[in-house]
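Just the one chain here, the form predicted on its own, laid out as structure tokens.
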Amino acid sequence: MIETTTNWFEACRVEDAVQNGGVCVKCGEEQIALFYFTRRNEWYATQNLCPHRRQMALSRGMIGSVGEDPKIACPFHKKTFSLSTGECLSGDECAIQTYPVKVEDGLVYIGLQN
């Protein structure tokens, strides 16, 4: 996925991110949930829109793991999604959009496709 990304959006400074949690980042009209999984030293970004409730809430969910797969649980109905692939881990057929993330010189960037 990173190979096809053509535009890197500066989301925040590393020290401004919530450890083991998420924040909502606005890029134009789009809301993106950015997660800093400090226990794994990994960064993830997904759409912020919950596909079930249609509310901007995923950034407020709880992160965890299913085996080795990092996940986010929606704060409303606890449906879980893979932070790596966006797949719904609760058995539903819906999925969420994921975005590549990179850290350079203390800044966090989210990759967007043009």
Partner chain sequence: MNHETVIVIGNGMVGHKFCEKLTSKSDNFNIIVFGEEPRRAYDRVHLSEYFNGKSAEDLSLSHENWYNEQNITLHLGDPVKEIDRESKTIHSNKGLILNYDYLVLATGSSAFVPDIPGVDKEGVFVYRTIEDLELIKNYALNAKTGSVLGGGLLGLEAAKALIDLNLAETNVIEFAPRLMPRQIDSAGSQMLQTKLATLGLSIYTNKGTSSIEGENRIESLKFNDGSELKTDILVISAGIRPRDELAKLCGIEVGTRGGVLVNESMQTSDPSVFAIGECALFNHNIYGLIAPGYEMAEVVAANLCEGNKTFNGFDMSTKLKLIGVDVASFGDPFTTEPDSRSILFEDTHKGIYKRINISNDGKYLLGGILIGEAEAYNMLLQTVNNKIALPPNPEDLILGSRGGSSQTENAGLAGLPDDALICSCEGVSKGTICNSVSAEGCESVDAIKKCTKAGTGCGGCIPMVKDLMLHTMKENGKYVRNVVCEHFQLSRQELYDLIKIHNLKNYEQVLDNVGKGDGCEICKPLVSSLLASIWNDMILKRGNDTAQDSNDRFLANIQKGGTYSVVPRIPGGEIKPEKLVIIGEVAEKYGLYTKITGGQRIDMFGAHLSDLPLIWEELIAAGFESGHAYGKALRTVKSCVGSTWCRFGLHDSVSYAIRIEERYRGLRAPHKLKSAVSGCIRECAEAQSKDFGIIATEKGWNLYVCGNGGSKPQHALLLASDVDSDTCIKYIDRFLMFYIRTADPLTRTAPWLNKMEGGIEYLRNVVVNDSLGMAEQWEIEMQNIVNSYQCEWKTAIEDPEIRKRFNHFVNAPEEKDPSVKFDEMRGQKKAANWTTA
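Residue numbers count along the first chain shown, from 1. Since the structure is predicted, the reported quantities are computational estimates derived from the model, not experimental observations.
In what follows, reference is made to the form predicted in complex with its partner chain, a form of this protein that is not presented.
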Candidate site Ser84, Ile96 and Gly111: all three near its partner chain in the predicted complex by heavy atom within 4.5 Å
no
Can you work out whether Val103 and its partner chain are in contact in the predicted complex, taking contact to mean some heavy atom pair no more than 4.5 Å apart?
no
Please run the contact check for Trp43 against its partner chain in the predicted complex: heavy atoms, 4.5 angstroms, yes or no?
no
Can you name the residues of 21-60 that have a heavy atom within 4.5 Å of its partner chain in the predicted complex?
Gly21, Gly22, Val23, Cys24, Val25, Lys26, Gln31, Phe37, Arg39, Arg40, Asn48, Pro51, His52, Arg53, Arg54, Gln55, Met56, Ser59, Arg60
